[in-house]
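One chain follows as structure tokens, the form predicted alone.
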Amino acid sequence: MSTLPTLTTPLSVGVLGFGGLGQAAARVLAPKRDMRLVAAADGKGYIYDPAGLDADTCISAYAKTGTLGTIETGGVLSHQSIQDLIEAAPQVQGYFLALPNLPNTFMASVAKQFIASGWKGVLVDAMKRTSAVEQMIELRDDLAKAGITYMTGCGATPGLLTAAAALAAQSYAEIHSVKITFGVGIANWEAYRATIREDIAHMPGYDVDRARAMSDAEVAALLDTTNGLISLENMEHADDIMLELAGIVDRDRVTVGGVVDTRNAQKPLSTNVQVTGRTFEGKTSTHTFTLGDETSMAANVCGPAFGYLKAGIELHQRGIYGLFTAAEIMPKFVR
């Protein structure tokens, strides 16, 4: 009787991108024993230490100098930090891509870097847009041939709420609708510049290119006109394609919207997913899964991302490569 391979812990993992989400990822990993953060990169440099990185040291250095590359032990300044880190740290088993997907092709271009490098391991992203995930789907065969297990759409939404919808759907013979509503509270938008720009790109009259080109002053001026609130409806969100790919519901029955408060840490409304369907007895009902208001955006993105990273590493060690979504694979809890 064959047995499944067991993971040797701690797993050596890295984080690409060290803005608000990347820094939160470092803090999430700090107390974990299943995973050890050994590598991180930003736009100007990277750091690698197989013995492990200290989150506070990394966050302090980034705040003072704008890059991890200035850290005395293990830091390297680089204008091609991702490529250089891949070459310097082949032992890293998986990466969380805490990168802004601006432009909309950026994440796919990063995946292509990993494919071309010959590195084999697990990549996890928390991308939002349907069109961005569609680009990853086009790379499915290339990822599999390269020996890479890629987990896409594995944040909060898409991610945690998509997985909840996939599970809730099991009660029904037919799914009528999936409605995801999110509330995000951020005390200071500048801590999540890239994330806020991605949200602005969903606003009427804006797109990815326009949002990306906005200066910080222009973003602040826009937020002044809305009292710091960003209200979004019928967003282009990859929950739709992920649930369709999983065979659960057609994408046109999935809607995503919400409110982001960029001036208050308290959520403006509770984040939830509602799955409405018909049971085999012919009754119509709605399941609602609501996230606790006390959980931050960072907690609801980084936690699932590393859970999916752990699941991806298990798949990878079993020789299963290619592309998977949060609606297809159950995350593994990272202790």
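From a predicted model like this one, the values you see are computed outputs, not experimental measurements. Numbers follow the displayed sequence, beginning with 1.
Unshown form predicted in complex with a further copy of the same chain; subsequent notes refer to it.
Comment: 170-178 is the region of 170-178, 230-238, 117-125, 74-82 lying near a further copy of the same chain in the model of the complex, near meaning a non-hydrogen atom within 4.5 Å.
Although a further copy of the same chain is omitted here, in the model of the complex none of Q113, R129 and T276 has a heavy atom within 4.5 Å of it. Contact check for V15: no non-hydrogen atom falls within 4.5 Å of a further copy of the same chain in the model of the complex. Among heavy atoms of D293, some come within 4.5 Å of a further copy of the same chain in the model of the complex.
a further copy of the same chain in the model of the complex is approached by A327, whose closest heavy atom lies within 4.5 angstroms of it. Proximity of K32 to a further copy of the same chain in the model of the complex falls within the 4.5 Å heavy atom cutoff.
This chain is drawn without a further copy of the same chain; in the model of the complex, the residue among V260, L97, M242, L160 with a heavy atom within 4.5 Å of it is L160. In the model of the complex, a further copy of the same chain lies within 4.5 angstroms of at least one heavy atom of each of the following residues of 272-294: T279, F280, E281, K283, T284, S285, T286, H287, T288, F289, T290, L291, G292, D293, E294, in sequence order.
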